[in-house]
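Consider the single chain below, provided in structure tokens and representing the form predicted alone.
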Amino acid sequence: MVKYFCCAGLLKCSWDQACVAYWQRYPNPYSNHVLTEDIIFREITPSNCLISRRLMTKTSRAPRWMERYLPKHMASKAYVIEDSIVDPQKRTMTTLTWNISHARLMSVEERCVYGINSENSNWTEIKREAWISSKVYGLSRAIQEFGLARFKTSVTKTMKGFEYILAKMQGETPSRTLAETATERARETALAAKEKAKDLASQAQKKQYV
């Protein structure tokens, strides 16, 4: 069983600006989880398409109930491969990303297509698809649900990060509002409290059967 998710986003900038922003989007206040990005392959095809492959290192905070299945030295990091192809003739950029760390526990594949919006040629449309799967017997459904929820949150941050970089490119002064910061911290605190409660409940249940 695989969880499938799709959505569309809109950037109020030209396709050219969106492509430039894509390569410059790290770092930004919404991507603190991205630690490193390295180009490991790049070439221009005979048809003038730019093909790239990058390796990215990201923090990946797993819930407590999932951490027991991860090696201690790798529980907080994940390595992701990103392939991309920029076609200047068709004016499209297609990216495909997937994790190479903990793939048996949870695999997340994402495909994005950046193209010109059909209603406004000065805007860029993003069509996004994701496939989330797990091979852990008995826990695959819970892991997939967790992965889907985290992915949806990351999409929101990705779009805000894009807007932040675009504002900088256009000479504006982007800022992260105090309300946004407070809201995000509150959500993170609530999530941590929820996970702790689940962990304590699990421990209490185990003691009943000892």
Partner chain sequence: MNSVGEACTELKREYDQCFNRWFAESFLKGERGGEPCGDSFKRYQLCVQRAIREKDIPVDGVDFMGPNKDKPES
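This structure is a prediction, so every number in the text was calculated from the model and none was measured. Residue numbers count along the first chain shown, from 1.
As for the form predicted in complex with its partner chain, it is not shown, yet the points below apply to it.
When its partner chain is considered in the predicted bound form, Ala8 lies well away from it, no heavy atom lying within 4.5 Å.
A residue is said to contact a partner when one of its heavy atoms sits within 4.5 Å of a partner heavy atom; Pro46 meets this definition for its partner chain in the predicted bound form.
Contact between Leu96 and its partner chain in the predicted bound form is found at the 4.5 Å heavy atom cutoff.
With a 4.5 Å cutoff on heavy atoms, Val34 counts as touching its partner chain in the predicted bound form.
For the candidate set Arg141, Arg53, Lys152, Lys168, a heavy atom within 4.5 Å of its partner chain in the predicted bound form is found for exactly one residue, namely Arg53. Of the residues in 1-27, those that come within 4.5 Å of its partner chain in the predicted bound form through at least one heavy atom are, in sequence order, Val2, Tyr4, Trp15, Asp16, Cys19, Val20, Trp23, Gln24, Tyr26, Pro27.
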